[in-house]
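So this first bit is one chain, no partners, the form predicted alone, shown in structure tokens.
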Amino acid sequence: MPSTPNSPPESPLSIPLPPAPKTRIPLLGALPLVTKHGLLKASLTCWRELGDTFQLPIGSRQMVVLAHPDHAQAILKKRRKNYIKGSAYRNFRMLAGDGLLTREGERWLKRRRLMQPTFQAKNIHLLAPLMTRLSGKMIERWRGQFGERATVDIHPEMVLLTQQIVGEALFGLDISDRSEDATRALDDALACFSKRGNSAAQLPLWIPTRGNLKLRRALRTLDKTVYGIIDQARHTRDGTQTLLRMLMEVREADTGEPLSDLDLRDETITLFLAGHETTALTLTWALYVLAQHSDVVERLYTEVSEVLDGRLPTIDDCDKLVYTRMVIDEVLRLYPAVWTVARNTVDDDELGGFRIPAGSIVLPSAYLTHRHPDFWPDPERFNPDRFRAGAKRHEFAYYPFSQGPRICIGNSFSLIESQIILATIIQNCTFTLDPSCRVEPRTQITLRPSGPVRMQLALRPQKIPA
């Protein structure tokens, strides 16, 4: 009897390995293909040629890319103990350290339980007015800075806003004075990690290559920023209970000791990264796509106008802004900020009829799965109506925030934030792509635009609510 995608066979060694691109070269594997086209385009090309399960070896690393929802379900849920964040996260641990994002097993579970209460719905609802206030301040700044019309690179604007929100919401601090240096350092670090991940050999960080020196500078800048946030939080006592202050107050169950400064650093940098980077990218891609779909913008504006009647959105409006949420969901389908996740295979396994050897790095790719024609008709078309209430799909056909027990702890925070910000922008602005704007998705750990997303931004006349 043939094995199913979710149940390993009795003898995995009898099953063939996944196919690999014919252009692979001894010792280098698919590195020339990845170097020429980038990991995303190389994955798309191989997927179309080789099917839902294929090898993409880079040097000595055996990487297996997977596109079927069953694959993601097995790796992230049903057989998750066989797939760990081992050497696949070696580079990223230089940035995130030993925090929630990179921990494993019981140590991860303890930290998740510690942090989970802050992200409960009732607490996110308390943070929503902050999202509304800072979104409104951004529009006021635009009116003063740009006047009625201007050409703007929209991505830095979204980064600045989401950094302000995460700074006040999670740390209780205004971090705008240090955001520019932190953003530049984060960009440099992610670019270096991406380059190292796509290299046949990764030189130790202590070797003074140009790339290593750049990465070390970026990490020093981020450490300085994060330790500064921790120090400022220690000396700010305004009664506001934030996640960072909660972490400062907890005690380890087995020792009774508080978290070390290094523990606080690792969790703070994870929250800083995950708390603004992914939402800023979602909003950037949303405005990029909407600028090319005037019919969707018209429907959005109609909904926002009817629900808000000129006032800024609040948490109570989110359930009424149904089409706004559908648009965000469709943007996340086409442009998931976390386009793939990586795991190390502990024991031999079988996925999609192919053997996955122990030690392989598996890459279930939301970007590919979200475009799978068996689960998404006309998958390249931007169509928010796919997400009408009651639509049924495979549990893992859509997983922009990962899925299973390690689903992103801040997914609800990000979705509400995106909804409030997008509604505020649609309410107050019209926008079209600048004719010179040419961007494509580029993988740099997250899914980023390949260049500036220049838009011709026009501010609508202010409306006084009745």
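The term rigid core refers to the most C-alpha atoms you can superpose between the two forms while keeping them within 1.5 Å. Computed from a predicted model, the values in this text were never measured in an experiment. Each residue number is its position in the shown sequence, starting from 1.
Quick note: we don't show the form predicted together with ligand HEM, though the next part is all about it.
- Put simply, F119 is close to ligand HEM in the predicted complex: some heavy atom of it is within 4.5 Å.
- The shortest heavy atom separation between G172 and ligand HEM in the predicted complex exceeds 4.5 Å.
- Heavy atoms of C408 reach within 4.5 Å of ligand HEM in the predicted complex, making it an interface residue.
- Contact check for K85: a heavy atom falls within 4.5 Å of ligand HEM in the predicted complex.
- Every residue of the trio Y89, L332 and A337 has some heavy atom no more than 4.5 Å from ligand HEM in the predicted complex.
- Out of the listed residues G97, G275, P384, G352, G275 is the one that sits within 4.5 Å of ligand HEM in the predicted complex by at least one heavy atom.
- Out of the listed residues C318, L101, V304, L186, L101 is the one that sits within 4.5 Å of ligand HEM in the predicted complex by at least one heavy atom.
- Between 408-416, 426-434, 28-36, 59-67, the stretch whose residues reach within 4.5 angstroms of ligand HEM in the predicted complex through a non-hydrogen atom is 408-416.
- Looking at 256-274, the residues that come within 4.5 Å of ligand HEM in the predicted complex, counting any heavy atom, are T270, L271, A274.
- Superposition on the rigid core between this form and the one not shown places the CA atom of L247 2 Å or more away from its counterpart.
- Once both forms are fitted on their rigid core, the CA atom of D266 lies 2 Å or more apart between this form and the one not shown.
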